[in-house]
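One chain is shown next in structure tokens, namely the form predicted alone.
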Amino acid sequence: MTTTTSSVHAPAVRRLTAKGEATRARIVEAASALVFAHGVTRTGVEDVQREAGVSASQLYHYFGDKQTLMRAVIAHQTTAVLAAQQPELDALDTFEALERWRDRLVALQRSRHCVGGCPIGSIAAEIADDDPEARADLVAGFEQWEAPLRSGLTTMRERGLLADDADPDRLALALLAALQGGLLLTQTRRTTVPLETALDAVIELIRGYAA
């Protein structure tokens, strides 16, 4: 199974000055923090204005409506989520590397006291059914996350660490699905045990393909 990987792009914006870029970035960062803490529905435009320290006219100068702003938040959160997993995420080419990545994810949740869940997944739960454009951005974001998992597993198979019948596409998807489910239960139960259990189960499955 071959999966095409897309990049998440915020809606195109006109060329901005350095000051304009900084203002726009401040708005997106403020909106991202509010959405992570309170969700899309409970984050109003006025809340973002207040948090970013901008006027309504400034906010609407960069984002025509809340939907456009939320798409920029998705792009921002995707970049942040992937960056938080580095350098492990881009080097998943041994069993030990998979374990290090797993440990980083667990440590991240512990540092957040298991609050918030997945910044991308929580947005998906709220708006994927109602906003086709945002859903497409979310799909692309998850594909960006899945791609390095697939790449690392493919490298392991090419090096002979995994048997020829190991399917990197399906195993990468299983890892991502386990991660999302584990994050949700970790958020709900306020313990990293669900995340640890879910990831350990799939990593053990992958070890079953050891050549």
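Worth saying up front: this structure is predicted, and the values here are computed from it rather than measured. Start at 1 with the first residue shown and count on from there.
There is another form of the same protein, the form predicted in complex with another copy of the chain; it is not shown, and what comes next is about it.
A.B. asks: In terms of non-hydrogen atoms within 4.5 angstroms, which of the given stretches 25 to 33, 152 to 160, 47 to 55, 179 to 187 touches another copy of the chain in the predicted complex?
C.D. replies: Every other range fails; the passing one is 179 to 187.
A.B. asks: Quick one: does R100 come within 4.5 Å of another copy of the chain in the predicted complex, counting heavy atoms only?
C.D. replies: R100: no, not in contact with another copy of the chain in the predicted complex.
A.B. asks: So in the predicted complex, does A201 come within 4.5 Å of another copy of the chain, heavy atom to heavy atom?
C.D. replies: Residue-level check for A201: yes, a contact with another copy of the chain.
A.B. asks: Please run the contact check for F63 against another copy of the chain in the predicted complex: heavy atoms, 4.5 angstroms, yes or no?
C.D. replies: Looking in the predicted complex, residue contacts with another copy of the chain do not include F63, since no heavy atom lies within 4.5 Å.
A.B. asks: Hey, in the predicted complex, does L138 get a heavy atom within 4.5 angstroms of another copy of the chain?
C.D. replies: It does: once another copy of the chain is placed as it appears in the predicted complex, L138 has a heavy atom within 4.5 Å of it.
A.B. asks: Sequence order please: the residues of 104 to 143 with a heavy atom within 4.5 Å of another copy of the chain in the predicted complex.
C.D. replies: Stretch hits, in order: V115, G116, G121, A124, A125, E126, A128, D129, D130, R135, L138, V139, F142, E143.
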